[in-house]
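Okay, so here's just one chain, in structure tokens, the form predicted on its own.
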């Protein structure tokens, strides 16, 4: 995988015909799309439709059966460990359940990848880790351990950890689904700031309002395929596919009902 500058018309990330089976069940049935620099794509759809599996395949945490992943026009060979490690630095992943090391402080969680993966000297790594924690509003909590942090704070630590690696793309797998409702806003705020700063992102979410306000394009996924994609307003309110309309109508109605009860 090369690091040289690519022509502007080459997508930063290209996913081509990804297929994945677990036993007899076909989870992904040939998913393809492109992500240009600065793009934000949201993936919505019912549970079990393949959304999270797709993100895991893109980051090679789950190996797919068929298909190709290209970063800046160069196909990634997951069997080449050095290439895979370099790719994962460029494509950061944020998980539902934070994936922090419980025995390390917030600062150490952010610092560890810089020292072990990027081989940055400890003093320099610490300085960068502090800066990233400050960026997500957690500098004053940097010496606390995960057990001492709220869910929203833990997720912000995981975002700071990913940002410290200087990713070109961020994959966010339902980043607020494990949070209490009152903690969701602080994570949304950080993601919105990243978007405003030009970060390229793929966001899997059930929060349809947030997806609509953040994304340039929404992809509706069901039964292992992208059923429909387009600008947020079109997908949420004027979808051409009946399955998309049915899903979005139910979700929008549910959220309106929740708002009325507050």
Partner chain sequence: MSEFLFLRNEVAPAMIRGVWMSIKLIVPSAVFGLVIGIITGTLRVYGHAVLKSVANIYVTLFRGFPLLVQLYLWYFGLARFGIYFSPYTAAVIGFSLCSGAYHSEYIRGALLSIKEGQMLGAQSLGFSKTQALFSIILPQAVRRALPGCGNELIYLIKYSSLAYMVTCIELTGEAKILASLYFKYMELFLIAGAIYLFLVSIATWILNHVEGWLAVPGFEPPRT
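Positions refer to the first chain, counted from 1. The structure displayed is predicted, hence computed values, not measured ones.
Omitted from view is the form predicted in complex with the partner chain, to which the following refers.
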Taking 4.5 angstroms as the heavy atom distance cut-off, pick the stretch from 129 to 137, 176 to 184, 105 to 113, 72 to 80 that is near the partner chain in the predicted complex. 105 to 113
Please pick, from 142, 190, 125, 93, the one residue with any non-hydrogen atom lying within 4.5 angstroms of the partner chain in the predicted complex. 93
Close approach of residue 89 to the partner chain in the predicted complex, 4.5 Å, heavy atom: yes
Hey, in the predicted complex, is residue 36 touching the partner chain, heavy atoms inside 4.5 Å? no
Partner proximity in the predicted complex: residue 156 to the partner chain, non-hydrogen atom cutoff 4.5 Å: no
Does residue 59 reach the partner chain in the predicted complex if we count a contact as any heavy atom within 4.5 Å? yes
Would you mind checking 222 to 252 for residues with a heavy atom within 4.5 Å of the partner chain in the predicted complex? none
